[in-house]
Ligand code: ASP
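Shown here is one chain on its own, the form predicted on its own, set out as structure tokens.
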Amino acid sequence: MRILTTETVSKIGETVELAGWVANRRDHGKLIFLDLRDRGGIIQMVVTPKSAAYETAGKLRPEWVIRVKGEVKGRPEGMINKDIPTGTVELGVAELEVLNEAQTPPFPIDTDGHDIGEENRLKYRYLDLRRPRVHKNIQIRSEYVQRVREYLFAQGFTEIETPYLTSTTPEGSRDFVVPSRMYPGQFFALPQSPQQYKQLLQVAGFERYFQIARCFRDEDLRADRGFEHTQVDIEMSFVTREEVMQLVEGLMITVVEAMGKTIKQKPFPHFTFKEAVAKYGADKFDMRSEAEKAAGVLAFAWVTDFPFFEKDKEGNWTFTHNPFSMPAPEHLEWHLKGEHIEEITTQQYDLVCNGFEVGGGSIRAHRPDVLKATFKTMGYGEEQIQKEFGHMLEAFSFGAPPHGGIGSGVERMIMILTGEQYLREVQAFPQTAKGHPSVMNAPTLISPERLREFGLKLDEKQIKK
């Protein structure tokens, strides 16, 4: 039975079977040295002229897929390679089978890849993912999500999936929309977050919900932001702001320390929005010294007491973070009456780390009158409120518990944990800077027949732009 390269260190003297990709071939006189790569790592293999595999080994090229059998041997003291986990052993190849040949890759995959153009890397992303640095990043991401799940399950949470095809909800960005064949001219919206559903789950009595949620936002792309991202989505009933923050803090400490990271300060320091801006000039800041940055230390902090509303470009009131938030208790009456709007603060809390916002949440409005007051401040009429949020108001009329939660971006945390600067380095198949997906050709035009099914007609002038 096949084993991984990393398992060979405990099998000296045994005959084993390995399979993977040829990372390198070196001819040293009559000896042929091969580096075999699998998901575990790399091992050096030796093929001698006496081996039945010798002739085949001489034909191998990088990235050919092979299966080998041979004896695991300990390396002499002076030949140990301390840079790889299998550096104390090598495999004496007795049998070799070529499972598949490979063309020469369009770029080297044994480098860090930073000098290769993004378009080329993402066009051949399935090859770029073989790169040890990127491959390790995806494995770290998987470990992080696994540890998050384990912590939340231990705290009594239930993992629940929510729909992708839903209706639009205000989250501060544009929605991606999906036309409906069954309802020509009408559209679903992809969720910017599971905000309304997770609140409805609290009404349903699932007092501790979480989801590793996929979220979609049609917004301008940046190094740390894409059209789609993943977040750890958490919602809890019968909690205060401090209790949510305490749970999330415990989650972060448990997970990142288990992954070998050092945290600058525990408990995490707290700053009000005004204090953060006064001290650091922004509500996202980095508290580390240069030495701590070099050592990869994580500096978490909480920011609270944000203004609930701000003026948009047209001079109308809009929310700063989330319209479903609860105002600070001392400002509840102002909120309900629509008074002193510029002074109302919200029970919002952001988690920042090393200069990035890595989480944001709030205690939610669980009363219909509080939620209606928010939308009235934003200029919504009664008819519009009922049309867009009547289902939430009705749900809250059936005994909604006080609740709150948070969404924490997975990609940004993995960027921090790995020291990467770009989102694409921690996603398997990210978008390009122009918004095109890896490997696939999209977006594309669809046929006139499909358009008619959706009840749509294109503006040719718009297409030519």
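We number the residues from 1 along the sequence you see. All figures in this text were calculated on a predicted structure; none of them were measured in a lab.
Another form, the form predicted together with aspartic acid, is not on view; read the next lines as being about it.
Of the candidate stretches 355 to 363, 152 to 160, 115 to 123, 388 to 396, only 355 to 363 contains residues with a heavy atom within 4.5 Å of aspartic acid in the predicted complex. This chain lacks the partner; the member of Gln347, Gln202, Gln231, Thr86 within 4.5 angstroms of aspartic acid in the predicted complex by a non-hydrogen atom is Gln231.
For the options Asn137, Thr377, Thr304, Gln195, the residue carrying a heavy atom within 4.5 angstroms of aspartic acid in the predicted complex is Gln195. Contact annotation for Arg217: at least one heavy atom lies within 4.5 Å of aspartic acid in the predicted complex. Although the partner is absent from this view, Gln211 stays clear of aspartic acid in the predicted complex, with no non-hydrogen atom inside 4.5 angstroms.
In the predicted complex, no heavy atom of Leu34 sits within 4.5 Å of aspartic acid.
Contact check for Ile406: a heavy atom falls within 4.5 Å of aspartic acid in the predicted complex.
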